[in-house]
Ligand SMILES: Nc1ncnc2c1ncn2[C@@H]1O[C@H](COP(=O)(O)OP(=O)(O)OP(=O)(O)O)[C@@H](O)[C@H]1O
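Presented below, as structure tokens, is a lone chain in the form predicted alone.
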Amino acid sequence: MQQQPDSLLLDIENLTKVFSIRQGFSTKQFRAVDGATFSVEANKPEILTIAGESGSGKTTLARMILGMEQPTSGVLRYKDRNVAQLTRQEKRAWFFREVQPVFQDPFATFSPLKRIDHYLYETVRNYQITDRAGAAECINNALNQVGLTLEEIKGRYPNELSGGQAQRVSVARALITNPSLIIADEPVSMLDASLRMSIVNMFRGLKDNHQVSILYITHDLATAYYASDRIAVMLRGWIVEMGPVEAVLGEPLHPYTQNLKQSIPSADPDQVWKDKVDLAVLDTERSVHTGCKFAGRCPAVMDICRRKVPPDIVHKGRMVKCFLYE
């Protein structure tokens, strides 16, 4: 059955980003994102996590969605419109208004020389036509959604806020435009454990109470499990497994996802964790140019894995990129 034009909020098909890297007198091609395909339904808000260690391509994927990087190939559609075909005016008036970012470091978002409320009023001026009283009401409504008020932050500089408050202001700034989709790139990685859960709970509240879908970019499988509806696990530009978070992290199918899960220390006090956790060492076979990108470390590797790229296979209600399930 053919999809209705408005049935998908975000539709990504074979999105690829290739960087050229000079090494001495030669230039090598590096596929930061390699054929990413997934969608987010309209009128059905969800938190979709893109998970992976450093270098997996998750941030490059987020930057392409936000228009900060141009895809090398593939299609990115938002509400059935090809984003690459939008004019600059259309992007500013429509796409950038409905798709808003929240970045990793809230203090890097704001200049230490400007009061924090300046940025909120600036956002209102850029996207809405309203008087100052109306602007204050709009800003206060956005701040209320993240547990703050304009009175609390008015006249204060970024260094006068805690990390959690600054990140909440970043989210409130994104909410001023009434977005349908928020791209949150590692939004809790610079916060301590107590603040992480408050920000994650805030995202869940935005989804449940304000019908905002969230693309949550993270390397933290614990917050991903707690916050997400679905999860996509990335390995060197590939999405190797994607589906409901309880299924993917509860019973991972792809050997790489299984390896990631096993690398998380158990909370059992009777078990002492002695090994150093370093997810980056799980992916060292960067010299592999053909076949599966995990073939060099996979405990279930077969001959075909070294010769061919595995297909995307639907198994047990999720997608897995592995010959084991062909």
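From 1 onward, residues are counted along the sequence shown. Note that the structure is predicted; figures quoted are calculated from it, not measured.
One more form of this protein exists, namely the form predicted in complex with the named molecule; it is left out here, but the text below deals with it.
- This chain appears without its partner; in the model of the complex, the one residue of K91, H219, R156, K79 with a heavy atom within 4.5 Å of the named molecule is H219.
- For the residues G55, G296, G35, G291, the 4.5 Å heavy atom test against the named molecule in the model of the complex is passed only by G55.
- In short, of 253 to 261, 25 to 33, 39 to 47, 297 to 305 it is 25 to 33 that has heavy atoms within 4.5 Å of the named molecule in the model of the complex.
- Although the partner is absent here, D117 sits far enough away that none of its heavy atoms falls within 4.5 Å of the named molecule in the model of the complex.
- Although the partner is absent here, E186 is a contact residue: one of its heavy atoms lies within 4.5 angstroms of the named molecule in the model of the complex.
- Of the residues in 223 to 242, none comes within 4.5 Å of the named molecule in the model of the complex through any heavy atom.
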